[in-house]
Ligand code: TRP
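The chain below stands alone and is given as C-alpha cells, in the form predicted alone.
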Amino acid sequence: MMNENRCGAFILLGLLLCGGRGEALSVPTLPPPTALPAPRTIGDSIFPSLGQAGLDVLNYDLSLTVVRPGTPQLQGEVTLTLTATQPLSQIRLDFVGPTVSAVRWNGRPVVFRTDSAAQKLLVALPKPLLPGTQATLTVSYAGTPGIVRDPDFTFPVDLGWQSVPAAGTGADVAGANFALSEPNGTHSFLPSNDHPSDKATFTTRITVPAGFTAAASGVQVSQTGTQNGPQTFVFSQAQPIPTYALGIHVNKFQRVDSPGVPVGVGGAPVQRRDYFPPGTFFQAKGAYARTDEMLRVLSGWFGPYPFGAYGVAIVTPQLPALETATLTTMPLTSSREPVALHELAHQWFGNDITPADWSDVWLNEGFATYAELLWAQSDGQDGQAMAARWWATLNQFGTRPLVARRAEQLFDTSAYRRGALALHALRVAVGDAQFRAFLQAYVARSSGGTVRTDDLVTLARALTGPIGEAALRLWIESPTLPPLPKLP
C-alpha cells in the first residue's frame, strides 16, 4: 500500500443483516460442541479476532454476479477447499457480508449461523475435520456487503467491496465496483479465513452486464456469454496470496495489453495488461509507460517476478493505492511513477512473501519503499540523497522500533521510511554484491510463504555475518533514530 498519511486506529464495524438493513438472519441453532477444544482465533498481535487457529484454506473458488455495477449489491457463491492442522469440530470464517442463504459441507447442507459481534460465520461439522484430510465448504449469499471501517484517513473509508455510482449520461458513463481490502476488509464480501498467515489460491468468476469488463488477480482463462447479454470473466491465481491482496474490478474498461516481459520464474514471460476506465487512458498512461523496465530492474535485485501476470486497474475515487495481487488497484490521482514502482515491488514483498502477523507489516512497506531508491538509482538519480530525506523526516517527526505494537503504527512513516533505511543500513554494511545476494536468497527461500521479522534477522546473520546482522538489528530495535547510513 502506498499511503504515508495513515495515522488512526483500525476499528471494525458492521452487522450482518438479512435482505434490508434491519432484520437479523434467522437460522437453526448450532448443536453443542463436541469434546474437542473450543475454536480459537489465529491470535494476531494487532487484530486478535481474525481467523481460526488450525484452519488451512487451500483454495477459494469464487463466483460473483454484479447485476448493477456501481451499486453495492452482489450475488456470490464460494467453495473453499480446506484442511486442518488440528482437529476442528466447527468452522469459524470471518464474514460480515451479504445474507447467507445456504452452506454445504462436501456438497451436503449443514447448520450454520452468523455472529455479528464477532464478525464470524459459524458452521457445525457433521464430524471433525482431522489433520491430513481435505473437505469443501460452499457458502451461497446475496445482498449488500457488510462494513469494515478503516477510520485511518482524514475522510471515512469502508474497506472491502467498493461501489462507484455512475455520474452523468452517455454510453461511456458507467458505475464501477472493486475490492480494496488491506488490512482486513475482504470478509466484507467473501467468507474467508481473513488473515495473511493463511494464504490460498483463487479461481474468480465474475459475471457482469453487457458492455462491462471484469478483472481479477491472476491470469484470465476465459470469457463467456452472449453478444448482448451478461459476460462471465474467469481468472486463475495459481500462486497462494493473502486474502487482503485479492483484486476484483468491474467497469467499462479499456484494456491495454503489452508484450510479455521474460522476467518470470524460469524466464517465463509475464502477461502484461492494464485497465483504464472511460476517459482516463491519456491522463494516466504516462505513469505506467515504463512498467516493463521496472520489472527488469526489480527482478535484477530480487530475482524472478513471482506471478504470471502484472498490470494496474485504475479507479477514480481518491483512495490509497493498493498492491492487489498481479493487478494493482491504482487511483487516478496516484498515477505517478514512484507510486507505480512501489506497488509493483509489493508483488514480491507482501503478495508473494507475506507477514505471518500484522505487526511485521514493515516487511512489506520497508522493502517496497527501498525499491523506490533502487529504481531511482537505476535511472541516474542520487539514492543516498533520497535516504537522507527519509532520515530527515524521521528525525523531525519521530520514529519507533519497526515491529508494530498498535494498529495506528501499521502504515506510519516508520513502517515505510525507517523500514527502507534498515535495508539501506544493511547494504552500506555489506556492499552491493552481498546485499543483492541477500535479497535474492531471502526471496527464493521465502517465496510463497509467510515470514516474521526474526526470520529476516536470522537470514542476515547466516548470509552477512555479525556485521550485517548488527546493522539490520539496530534499525529494527533501537528506540531512537540511528545515524544515517551512507553509501561509499
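Everything quoted here is computed from the prediction, not taken from an experiment. In case it trips you up, residue 1 is the first one in the sequence shown, and so on.
The discussion below concerns the form predicted together with the named molecule, not included here.
Participant: Name the single residue among 407, 200, 294, 321 that comes within 4.5 Å of the named molecule in the predicted bound form, judging by heavy atoms.
Facilitator: Contact check passes for 321.
Participant: Could you work out which of 159, 373, 208, 124 is the residue within 4.5 angstroms of the named molecule in the predicted bound form, going by heavy atoms?
Facilitator: By the 4.5 Å criterion, the partner-contacting residue is 159.
Participant: Can residue 343 be called a contact residue for the named molecule in the predicted bound form at 4.5 Å between heavy atoms?
Facilitator: It does: once the named molecule is placed as it appears in the predicted bound form, residue 343 has a heavy atom within 4.5 Å of it.
Participant: For residue 180, is any heavy atom within 4.5 Å of the named molecule in the predicted bound form, or not?
Facilitator: Result yes; residue 180 sits at the interface with the named molecule in the predicted bound form.
Participant: Does any heavy atom of residue 416 come within 4.5 Å of a heavy atom of the named molecule in the predicted bound form?
Facilitator: So residue 416 counts as contacting the named molecule.
Participant: Can any non-hydrogen atom of residue 348 be found within 4.5 angstroms of the named molecule in the predicted bound form?
Facilitator: Residue-level check for residue 348: no, no contact with the named molecule.
Participant: When the named molecule is placed as it is in the predicted bound form, which of 180-188, 94-102, 231-239, 263-271 ends up with heavy atoms within 4.5 Å of it?
Facilitator: The contacting stretch is 180-188.
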